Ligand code: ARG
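Just the one chain here, the form predicted on its own, laid out as structure tokens.
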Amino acid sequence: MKRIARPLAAIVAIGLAAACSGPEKKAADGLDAVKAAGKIVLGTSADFPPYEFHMEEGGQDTIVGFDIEVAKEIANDLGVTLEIKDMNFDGLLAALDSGSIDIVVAGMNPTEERKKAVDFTDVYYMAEQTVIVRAADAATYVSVESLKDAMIGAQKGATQVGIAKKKIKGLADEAQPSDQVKELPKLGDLVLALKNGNIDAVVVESAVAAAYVRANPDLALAPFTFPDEDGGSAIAVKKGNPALLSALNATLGRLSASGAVEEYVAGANALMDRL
């Protein structure tokens, strides 16, 4: 399922970076900077269970989820501590560009548009997209066509905006405005708007949708899904950091080979049952 990094290509990329001087060489030293700092700073948007979400552990608010377990393994392999910064999803790539975070692990799809701004690791998880509706409306919204005139919610800056606009509303471009697609920075706010009747449905990644439905009996999953056309979830790093990218791929390759990611997904879903 997951693409394993090609060692030779990584070595060549690192060698070319080492031959550079000035700003380019400095930009390629992200891995050295992380090790020198003794920590790797993770940017995420912790309202996306089971990828990342808040729960109380030992009386403390803690960010957990299978993305977090992946990030812990990355920190362990690098011999550094993990620092987590929680922020709005649509601000993650700007934070990465500014240097306030080192990596983005947030169930992010490596779309062609995003690849213009950042580099991505190999894919570590594949998923489908679906729709959450109110349980009372489950018999009404049974197909994509049934949502044609409904008010759809999607997380601002996320892949789901494009699905809402293009797949459901039939727009040619997700940049086109639609008065029937409501975008909010936080997924939890969209779910609350759905429960309050302010919107009719929310487009969500399937595992995340299932977690919200388990926690909210007044919600239901629509009986259809959208395939993941954006290639699954990958980790974003600032452009020009081949050594860091190679190190991340090494950890992801190990986790993929051992089946650990699937175990992390199961564990995160079990945590959701405790909420």
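Throughout, we count residues from 1 along the sequence that is shown. Treat the numbers as computed from the prediction; the structure is a model and nothing was measured.
Same protein, other form: the form predicted together with the ligand, not shown, and the subject of what follows.
message = Does any part of I103 reach within 4.5 Å of the ligand in the predicted bound form? Heavy atoms only, please.
response = Result no; I103 lies far from the ligand in the predicted bound form.
key: 4.5 angstroms heavy atom contact with the ligand in the predicted bound form for M108   = Flag for M108 set to yes.
inquiry  = Can you tell me whether F89 touches the ligand? I mean in the predicted bound form, with a 4.5 angstroms heavy atom cut-off.
reply    = Answer yes; at least one heavy atom of F89 falls within 4.5 Å of the ligand in the predicted bound form.
In the predicted bound form, S45 touching the ligand (heavy atom, 4.5 Å) = Yes, S45 sits close enough to the ligand in the predicted bound form that at least one of its heavy atoms falls within 4.5 Å.
message = Which residue, I199, L96, A158, I132, is the contact with the ligand in the predicted bound form, using a 4.5 Å heavy atom cutoff?
response = Of I199, L96, A158, I132, the residue with a heavy atom within 4.5 Å of the ligand in the predicted bound form is A158.
message = Counting any heavy atom within 4.5 Å as contact, can you tell me which stretch out of 191 to 199, 159 to 167, 76 to 84, 134 to 142 lines the ligand in the predicted bound form?
response = Correct option: 159 to 167.
message = Suppose contact means any heavy atom within 4.5 Å; which members of 191 to 221 contact the ligand in the predicted bound form?
response = Going through 191 to 221 in order - heavy atoms within 4.5 Å of the ligand in the predicted bound form - there is one hit, E205.
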